[in-house]
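One chain comes next, on its own, written as structure tokens: the form predicted alone.
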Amino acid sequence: MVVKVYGPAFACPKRVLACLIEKEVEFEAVPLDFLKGEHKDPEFLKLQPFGTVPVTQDGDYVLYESRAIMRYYAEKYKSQGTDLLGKTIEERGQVENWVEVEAHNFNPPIFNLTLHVMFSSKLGFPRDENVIKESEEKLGKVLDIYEERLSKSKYLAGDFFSLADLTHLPFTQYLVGPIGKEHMITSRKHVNAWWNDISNRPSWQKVLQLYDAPL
């Protein structure tokens, strides 16, 4: 059965799409226009009561948190495509560890950067330079830790590409692109090598080719 993925133009659905491509899972992308309020449509709210994306609909089975979705499909289709979870319980532990690091340490500052640099005018609130400065400083400290980690292994969870790396793709793409802070990546030798590797994977290149960012 084809998996429906709602909101392909946005960052978090893009990580889901990359995961599905890596796992060789057939999907259908369903556009959603936030400016027209389609995320508040009663039918959509039946799927996602918080009115955000992504949402995946797999027959009657619905999920709506991107990291949970990735874990689910990486496990469900573990025997096909790229192994994104690790081959041992120890590798799985490292994958989960770094997925959590992304969620709790990396995502908050880069999300604030994205919000204030890219979307403040579109969403109708003032760009806050203090928030931008503070977020860049916080993100820099996180990336310093990544630099140390990646000096010891090719990828975050070890010497294999996994969900731990994949989950970083969409917002880092904003960082080096429209946010205009590519130096935060290129100034760190090992982070830069890691980013060049994961951002050039065919799965991510296909996502970028098929689904434009909501600019």
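Small disclaimer: the values here were computed from a predicted structure and weren't measured. All residue numbers are counted from 1 along the displayed sequence.
Separately, the form predicted in complex with another copy of the chain exists; it is not shown, and the next lines address it.
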Choose from 169 to 177, 182 to 190, 49 to 57, 31 to 39 the stretch whose residues reach within 4.5 Å of another copy of the chain in the predicted bound form, heavy atoms counted. 49 to 57
Can you tell me whether Ile145 touches another copy of the chain? I mean in the predicted bound form, with a 4.5 angstroms heavy atom cut-off. yes
4.5 Å heavy atom contact, Lys87 and another copy of the chain in the predicted bound form: no
Just to confirm, Gly93 within 4.5 Å of another copy of the chain in the predicted bound form by heavy atoms? yes
My question is simply whether Met118 lines the interface with another copy of the chain in the predicted bound form - judged by any non-hydrogen atom within 4.5 Å. no
Candidate from Lys76, Lys122, Arg127, Lys133 lying within 4.5 Å of another copy of the chain in the predicted bound form - any heavy atom: Lys76
Where, within 104 to 125, is there a heavy atom within 4.5 Å of another copy of the chain in the predicted bound form? Residue list please. His104, Asn105
